[in-house]
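Coming up is one lone chain in structure tokens, specifically the form predicted on its own.
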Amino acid sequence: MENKSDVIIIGAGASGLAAAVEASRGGASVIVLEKNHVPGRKILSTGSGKCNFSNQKVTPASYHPASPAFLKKTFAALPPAEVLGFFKRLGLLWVSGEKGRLFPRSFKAQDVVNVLLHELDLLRVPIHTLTEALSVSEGKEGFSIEAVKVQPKWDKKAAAGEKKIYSAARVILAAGGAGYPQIGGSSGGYGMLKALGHSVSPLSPSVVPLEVRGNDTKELDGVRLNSVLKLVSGGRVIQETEGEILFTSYGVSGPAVLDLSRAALSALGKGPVFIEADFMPEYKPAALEELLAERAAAFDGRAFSHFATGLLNEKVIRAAAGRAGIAWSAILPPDCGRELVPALKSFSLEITGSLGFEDAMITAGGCALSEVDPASFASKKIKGLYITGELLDLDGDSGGYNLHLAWTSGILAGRAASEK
């Protein structure tokens, strides 16, 4: 029967594709259901299309909420190095970047998707695209999955709405998170989990660009620079990171900001939250003041703009000068260096929120970990059901950690689901 198999996998994202490979290698017949017109759609958007698919420094400390006991068992069942071995076997070569980030050697996300699809083609695993699973129900002989044919956005004449029923002995729910709805993200998987009796914690966007109060960033729109960022709430530094910050018309983005976004949004519920950016982290405050004093002596009697040129990105130095009360075209004021240091070393931005799920790389919240086996990702409530990837109440830092968890959960679930 075309719509019957040992294992049905709902979702052809990272965890779903990895699960399909391992379940098929284990001898199970497998069908993958995917509502998008192509598999791996969200993988293609990761790392600005370069696909930061893992990290050399994967540890439980890189995930939230803190779940060391759960993840210790997961990483014992499938050590991080074995995930890289999985990709090596598929033929993928990779290179390392800053902070341990791993990228395909081609820097093309499509290659990560393709090595998985080539393996599934070799294993003869069908992927039913434009097929959205609506519900999963448990019966005496396994599971029944109701699905509907999705109309592609570019073809309004294509048939859509046709209902299909799939049946399987085991189901891997890998439907992904609510982020990036424009490319298929949705909360549908969480709804199916709730209908099956699983506990699902509230969802929120994570690894997401942040909005700031007022016009603080409009004048800096488009500027990218490496900085040390401190996240401050209640007068206390709650997180610190180093990397690229990108200023936009609405606020801030870039790898360093994304690292802080989860903690920033969580802290907003308790009071005002600020990012303090150090634009010249290689200098201690006293050393920077000395440098600026020497520079001011060399430019004595000239316009501040002459003093500033070549010191830092012009938009940044203009913004810092504005906060220090220094006019760009004015004659260089005395002690301008001392006045500039605080603005360059602690440029404060008040965070007001995020761009939401439409720009969120990850969804925080999801299925309670207490209801999932950490070594197989099997449901503890329903035999034969497996829950992977973003559907879990477990999200990682920016830097390849979330994709690594997706591969890990998919591989372990696929192996367990292939066992008769």
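Nothing here was measured: the structure is a model prediction, and the numbers come from that model. Sequential numbering from 1, following the sequence displayed.
Only in words, not in the display: the form predicted together with a small molecule, which the text now covers.
- Taking non-hydrogen atoms only, residue 12 approaches the small molecule to within 4.5 angstroms in the model of the complex.
- The small molecule in the model of the complex is not approached by residue 86, whose heavy atoms all lie more than 4.5 angstroms from it.
- In the model of the complex, the small molecule lies farther than 4.5 Å from every heavy atom of residue 172.
- Within 4.5 Å of some heavy atom of the small molecule in the model of the complex lies at least one heavy atom of residue 186.
- In short, of 65-73, 347-355, 26-34, 371-379 it is 26-34 that has heavy atoms within 4.5 Å of the small molecule in the model of the complex.
- For the three marked residues, 205, 210 and 259, no heavy atom of any sits within 4.5 Å of the small molecule in the model of the complex.
- Among 288, 133, 232, 320, the residue placing a heavy atom within 4.5 Å of the small molecule in the model of the complex is 133.
- Interface residue among 336, 220, 192, 267 relative to the small molecule in the model of the complex, by the heavy atom within 4.5 Å criterion: 192.
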